[in-house]
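This document starts with one chain, in the form predicted alone, laid out as C-alpha cells.
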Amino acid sequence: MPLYRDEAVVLRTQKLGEADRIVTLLTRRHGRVRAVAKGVRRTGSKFGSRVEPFMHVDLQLHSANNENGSGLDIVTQAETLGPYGEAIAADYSRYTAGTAVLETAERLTAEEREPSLRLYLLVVGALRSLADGEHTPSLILDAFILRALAISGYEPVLSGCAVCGEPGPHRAFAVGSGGLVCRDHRPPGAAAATPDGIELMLALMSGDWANADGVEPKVQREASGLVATYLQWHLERGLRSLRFVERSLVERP
C-alpha cells in the first residue's frame, strides 16, 4: 500500500465502528477522496480535531490502490494548515454558510479522485474568509457558489440574454435557460430580477467586495434566492444545508 501526501479540506465525517471515522476530503492534487481516520474518536487521539469538517490539513495517507480505483485510503498523519473549524462553528451564520460551502463542493465533484485544483482553492478561500469574518457569511457563500458553478461549466449569464445573446438589461431570470433572458425568450415561471440583485451577483462573481458589502439585506435575500435556485437546478436535487442559511437570512435584524 503506497504512501502519498496531499493538502486537503475535510468536507464530511461519519462514524465507523467504535473508534474510527470515514472522512471525505477535497484534496489539492487527487480530487475528492474518502479515507479512514483510525482511532480518531478515542480520547487522546493523535489526530484530535484535525480531521473534522472545515479543517485545512496536510495529510499522509496509505492508498487503497485497488485495480478499479475504489476503496478507502487510510490517514496516517495529519498536520493543521488552517484551523478554520473553531471560528466557523462558534457563529451560527458562519456555520450554516460553511456547511453549505462544503456540501456544494462535495456535490460538484461527481467523480472521486478527479483533480479539481480551482475548486479546492475556492473552498479554502471561502473557509478562510468565513473564519476571519471578512464579509457577511451569506455573501461569501453566494460568491463561492457562483464561482464554483462557473468552474463546473454552469456560469449564469448575467449581462445578456442566455438564449439569443441580446444585450441587457433584462429582468427575467430563468434557471433552465442559463440566466437572464429577454422578453421574447422568457419562459413561464421565470423569476423577476431587480437591477440591484443582478449587480450584486455580478459583483460577487468578479470579487468586487467594495460594492457587494454595501448592499441592503433585501437585495442580499433576492440574490441568495436566485443563486440557490440556480445551484439546485443544476444539482437536480435540493441542498439540505441551504434551508438553514435561508432561515438565518430571514432572522437577521
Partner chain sequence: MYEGPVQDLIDELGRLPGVGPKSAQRIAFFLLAADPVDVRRLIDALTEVKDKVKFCSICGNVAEDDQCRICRDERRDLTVICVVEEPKDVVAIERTREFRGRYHVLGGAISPIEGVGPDDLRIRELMMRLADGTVTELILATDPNLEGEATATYLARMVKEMGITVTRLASGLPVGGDLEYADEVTLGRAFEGRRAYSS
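The shown structure was predicted, so the numbers you read here are calculated from the model rather than taken from an experiment. Positions refer to the first chain, counted from 1.
The following text describes the form predicted in complex with the partner chain, which does not appear among the structures shown.
Novice: For this chain shown on its own, do Glu52, Glu86 and Ala90 all sit within 4.5 Å of the partner chain in the predicted bound form, going by heavy atoms?
Specialist: Every listed residue reaches the partner chain in the predicted bound form, so yes.
Novice: Is it the case that Glu246, even though its partner is missing from this view, gets within 4.5 Å of the partner chain in the predicted bound form, heavy atoms only?
Specialist: Looking in the predicted bound form, residue contacts with the partner chain include Glu246, since a heavy atom lies within 4.5 Å.
Novice: Applying a 4.5 Å heavy atom distance criterion, does Thr99 contact the partner chain in the predicted bound form?
Specialist: Result yes; Thr99 sits at the interface with the partner chain in the predicted bound form.
Novice: In the predicted bound form, does Arg240 have a heavy atom within 4.5 Å of the partner chain?
Specialist: Yes - in the predicted bound form, heavy atoms of Arg240 and the partner chain come within 4.5 Å of each other.
Novice: Glu114 versus the partner chain, in the predicted bound form: is there a non-hydrogen atom within 4.5 Å?
Specialist: So Glu114 does not count as contacting the partner chain.
Novice: Find the only residue in Arg28, His185, Lys46, Arg221 having a heavy atom within 4.5 Å of the partner chain in the predicted bound form.
Specialist: Of the listed residues, the single hit is Lys46.
Novice: Within 4.5 Å of the partner chain in the predicted bound form, counting heavy atoms only, one of 175 to 183, 148 to 156, 119 to 127, 74 to 82 shows up; tell me which.
Specialist: Flagged stretch: 74 to 82.
Novice: Which residues within 7 to 21 place at least one heavy atom within 4.5 Å of the partner chain in the predicted bound form?
Specialist: If the 4.5 Å heavy-atom criterion is applied to the partner chain in the predicted bound form, 7 to 21 yields Leu11, Arg12, Thr13, Arg21.
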